[in-house]
Each structure stands twice: as structure tokens, then as C-alpha cells.
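Below, in C-alpha cells: the form predicted on its own, a single chain.
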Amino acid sequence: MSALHPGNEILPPRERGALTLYLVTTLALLLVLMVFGLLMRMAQGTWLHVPPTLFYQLMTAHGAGMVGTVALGGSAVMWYFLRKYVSLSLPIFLTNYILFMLGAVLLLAATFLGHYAGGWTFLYPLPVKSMGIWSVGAAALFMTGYLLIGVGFLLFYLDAMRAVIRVYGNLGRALGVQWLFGGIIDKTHPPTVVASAMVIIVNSLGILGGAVVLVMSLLNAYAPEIVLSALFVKNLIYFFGHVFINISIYMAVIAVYELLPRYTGRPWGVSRPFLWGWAASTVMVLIVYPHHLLMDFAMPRWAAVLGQIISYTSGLPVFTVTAYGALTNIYRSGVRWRLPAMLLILSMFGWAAGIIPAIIDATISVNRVMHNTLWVPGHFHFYLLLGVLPMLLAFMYHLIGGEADRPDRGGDRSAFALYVLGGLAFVLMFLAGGHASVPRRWAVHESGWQFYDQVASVAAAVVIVAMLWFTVRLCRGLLHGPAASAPSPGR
């Protein structure tokens, strides 16, 4: 049976400190942003009075913050495991963290001091046409915060690209394209390297697209005579946003490949279907974003058709090979059902179940009715709350397990049960509200809609209680864990 904590994963003190910064920050931000979500649901359910202007500030901070925070945690997972195979730069890793924190401070200042409430999408021309609710300066501050975060992540990916190319020759070989149509596959080729190569390719392009549209929007903010194409801007924003949130999943799923085999005692080797899954997703994730624009009549018909067709398939290649691999890895393995293993299997369920309502919404006839309802936040809360976050939590619980493989505490399993039950109830209220045509992004709900909000508020409170336990438990473990010295491993 493979070691739970192999020697090449023991971090030197400085690297362990950097990783701890990432993970503790991720936990703290997740908890605060969950509270923002609870406040919004309670306001919609009339259990709490929140002025509409403040509601939209909370919505803006919650949306932008959650996407960035999940990406921060995912990059920590990718860095920790990829560094076993290539030599990554610690200064670049820390620079990404510093730029993220600076960007986060600007986002929060723009939102709660500058009263910016234009949503994470900063759709043109909304940032500079606020009817006096916020200033142009607040909108510019928000977009500058995005730019800083994007620059940090781009530096991280460029460093990973450099390191991967140095060892494997190019990103294609790291992705395994040389084995797609034949040849003897190197069974020792790490799944982590395959996933990381895909992430580097796709999110570098996504962030560059985001940088272009942010610079364009900032120029327009201070030089209104520079008129932008609203359709072009919207395409770039959703290209950037869709790629960024999807890549957060693909970074976090590395934890499944690396950790699950240690609890089952079976290796997770690469295969031709596995390589095809990642290669196909590399292309599909880049071209699927038009499904966000199916209601935009000005979009070219071919783009709408492409968006619908690819939406049916884009999530399937990587998910299928990962879910099938996880199930076959577990089957009759005598798996040790420790909390990390339980969280990893929960993540497979959350990812799978979250994809289904997304595929349904991508059907144009359904999209016309459902897209601007709570159905859509239902699907992305499903695979974030019950898919990606369990991957991150599993990684953190594994880290604090220690060489002695200490048993879980009773509170850990109770918190896990609360998290699952609360999370399911919370996302199902979104989906049920969407089915009942409750509109999304409305600060005030009619009385007939408030039942969904009130049940969701109770469920959110349950999730937050569980998350509070996880946060305290994991922060204590991360901050007081072993600081063993070891050389930084490379290949």
C-alpha cells in the first residue's frame, strides 16, 4: 500500500509557510463569503432587512470573491503536487499570493467603501453608468483589483509552463498528445502533469482575454469617447470568467489523482482514454463559453450552435475518466474510509450532479425560460459547494493527518454529515426556485418565493456551522503542523 505521506512531499519551512498562507487565507475567505451568501438569502426570505444597494454589494463581493478564492485554493493543490515532478519557483508562488491579496483588498474597498455593485461581470457600460450609486473611481478600483489578481495567476502559470517545458520538452508532451493515436504509453507519466499542462494552456489564454477586456473597460471609464463594442466586450468577459472558474475545478481535481490511491492502495495510472479526456477538454473549455450568450440575439448563429453542442459534452471527458477512475480505484479495494477519502468521493458526486442542470440549461428552448432564474446559481453552487470545496478540504485534511495517520475526530465526521445535508438542501432550493421561475439577482422576492429562501437560509446556516468547524480544525493543524526540513524535490 502506498505511503500516505511520502518523503518527497515533506516541505522545507519556507515552502510550508507559503502553502499555509494560501490555505488559511482560502479557509478564512470561504467562511466570510458564505456568511455574505447567508445574509442575501435571509434578506430575500424577509428574515433580515438588507437595503437593495447593500444586497448588490454583497452579491458582487460574494461572486467575485468565491471565484477567486476557489482558484487560490486550487492553485495551492496544483503547486504542492506539481513541485514533485518539476522545479517551481517559490518567489513566484508568493508573488501570486501577494498580488491576490492586494487585488482582494481593492475589490472589497471598491465594493464596501466605494459602493460598487455591478456584479462580478462588470458588463459594459454598467461600471460607468451607475445612476450615481457609485463613482467611476470605484468601478476602476474594482477592475484594477481584477487585473492584479489576474497578473498574479498568469505569473504562476508562466512559471509552471517554464518548469514543465524544461522537464518534458513542451506542453503537448506533458499533456500526453504523443500517445493519443498510438505508441506505448509511459505508465509512470504523472496524471498531475497532464492536468497541470491543460490548466496552463487554457487559463493562460483565459486570463489574457480578461486582461484585454479589463484594460479596454478602464480606458472607456476615463475616456468615454472610446466607445466599445458591447457584444465583443461581453464575449471576452464570459470567455475569461467561464475558463477561470472551470480551471479552478481542474486544478483541485489533482487532489483526487494524488490522494485517493493512497486510501485504496491502488495506483492511478494514465491510459489512452484518460489522455484523450484531458486533450478534448483543453479544446472544449476554450470554446464552450457562448452558452452564456444564448439569449443575445446579436450573436452569430454558428456561435450559439457551437455553445449548445459543446455544452452537452465539454464537462464529460475529464469528469468521465476521473469518475470512472475513482470508482474502479475504490471497487473491492478495502479503502480506508478516512475523512479525506470521504470528501474526495463527495466531490465526485457534487461534480457529476452539478453538471446535469448545467447541461439542461444549455438547451436553447430551456435556456430562454430558465437562464435568468435561480436554476443557474443552483447548478454552479452544486459543483462548487459539493464538488470543488470537498476536494480542497480533502487536501487540507490529508496535510494535517501526520505521519502517524491519526484517526479522525468525532467532530470531523459530524461536520461532514452537516456539510453534506446542509449543502444538498441549499443547492436544491436554488434548483427548485429556478423550476418555479424565481428570478436570479433580485434583492426583493415576492411572498410566494420566500419559502425557498427561508429553507435555503436554514441550510446555509448548517453549512456555515460545519465550515466553521473545518476552518478552526484545519487552521490549527496547518499552523501547528510539522515544519520538517527537506530539499525541494524536482525531477
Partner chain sequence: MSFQDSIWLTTLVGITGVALVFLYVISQSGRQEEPSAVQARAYALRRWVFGGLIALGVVVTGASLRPFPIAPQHTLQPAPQVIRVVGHQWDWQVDSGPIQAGIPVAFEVTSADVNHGFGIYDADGHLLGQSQAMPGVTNRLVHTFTQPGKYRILCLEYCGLAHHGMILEFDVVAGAEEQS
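As the structure is a prediction and not an experimental result, all values here were calculated from the model. Residue numbers count along the first chain shown, from 1.
Omitted here: the form predicted together with the partner chain. The next part is about that form.
- Residue contact check for Thr320: one or more of its heavy atoms lie within 4.5 Å of the partner chain in the predicted complex.
- Contact check for Tyr168: no non-hydrogen atom falls within 4.5 Å of the partner chain in the predicted complex.
- Though the partner is left out of this view, Pro190 does not reach within 4.5 Å of the partner chain in the predicted complex, counting heavy atoms only.
- The closest non-hydrogen atom of Pro224 lies beyond 4.5 Å of the partner chain in the predicted complex.
- Of the stretches 195-203, 371-379, 153-161, 279-287, only 371-379 has residues with a heavy atom within 4.5 Å of the partner chain in the predicted complex.
- When the partner chain is considered in the predicted complex, only one residue from Leu421, Leu180, Ile356, Ala109 comes within 4.5 Å through any heavy atom, namely Ile356.
- Of the residues given (Leu208, Ala417, Leu219, Met295), Met295 alone sits with a heavy atom within 4.5 Å of the partner chain in the predicted complex.
- Contact with the partner chain in the predicted complex holds for none of Met78, His398 and Ala460, as no heavy atom of theirs lies within 4.5 Å.
- Shown here without the partner chain, the chain has Ala117, Gly118, Gly119, Leu123, Tyr124, Pro125, Leu126, Lys129, Ser130, Met131, Ile133 in 110-142 lying with a heavy atom within 4.5 Å of that partner in the predicted complex.
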